[in-house]
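One chain comes next, on its own, written as structure tokens: the form predicted alone.
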């Protein structure tokens, strides 16, 4: 068996978190517990001397995440966010600390991305058959797109003290692009306040790591190949406190007239994004990684890299939607990303790679 084939066989056994490069003695093996929340999965991993506290960490995390879900989901009419949407153009709601924090994050990423990350993009998302919308029988005509775009704009979302409001009827706020990362950060802060040191919190691929899974071994996270559901491009070795999030064109899509449309919408055009297959972001916070992975997916390699280079501690990996496969990484990402040996020639450092 060749060295490359041996490496691939070893690597394929790891799906999301690669806990160590070699074998761990039983008493050191990290312990992972999972649960379902926010319409997806979540997990907590406790390592080292803290494996005995895994159930405690998991219970605390689940309680926090369910509380955030109850406030920020758009799928429950009595949630605080649903009340805000119901009062669009008519009134305001009393926003608690959780909703206020997420609104402020929405403004932050909207400004950073020049409006390409927009939490009010809901009317366009539904128009294309996502988030409860009916899948259209044919490509959406331009007049309907423009009508929906008139209801999109994060600057129409306001905070006046503790009151939150939308100033136009028909607008919809969906915090799905940042709430998961926010929830991970809140849970990490809680666990650290309880003395946790070696652990990870993961919510649908939005993950943050602290400490190590074992002495001398970093947390090792697989980066999915967007063109192969069972394959990995390589892995990331994450340092203490780092977070990671990925946006991909394989996550949710609809077929319309034989054409594949993904769920990530470009607010500038009103249409599903084309040209990107995957974007992975590492950052000092899970909320930043979550919001930026979506924003960079919309912006693409050239414009997205300009945003990344201005943010300390934040790096990105881009996979354009074309063949042969290409992996574009910011220079700092090369410290953390280890590509599969057979794909080494596909990696280009942004700024050094050929112009397309």
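These numbers come from a predicted model, not from an experiment. Positions refer to the first chain, counted from 1.
What comes next is about the form predicted in complex with a small molecule, which is not displayed.
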query: In the model of the complex, residue 79 touching the small molecule (heavy atom, 4.5 Å); finding: no
query: In the model of the complex, residue 168 touching the small molecule (heavy atom, 4.5 Å); finding: no
query: Close approach of residue 131 to the small molecule in the model of the complex, 4.5 Å, heavy atom; finding: yes
query: 4.5 angstroms heavy atom contact with the small molecule in the model of the complex for residue 263; finding: yes
query: Contact stretch among 236-244, 142-150, 82-90, 111-119 - heavy atom within 4.5 Å of the small molecule in the model of the complex; finding: 111-119
query: Site check 304, 322 and 350: each within 4.5 Å of the small molecule in the model of the complex by heavy atom; finding: no
query: Position in contact with the small molecule when the complex is considered in the model of the complex, options 211, 123, 177, 222, heavy atoms within 4.5 Å; finding: 177
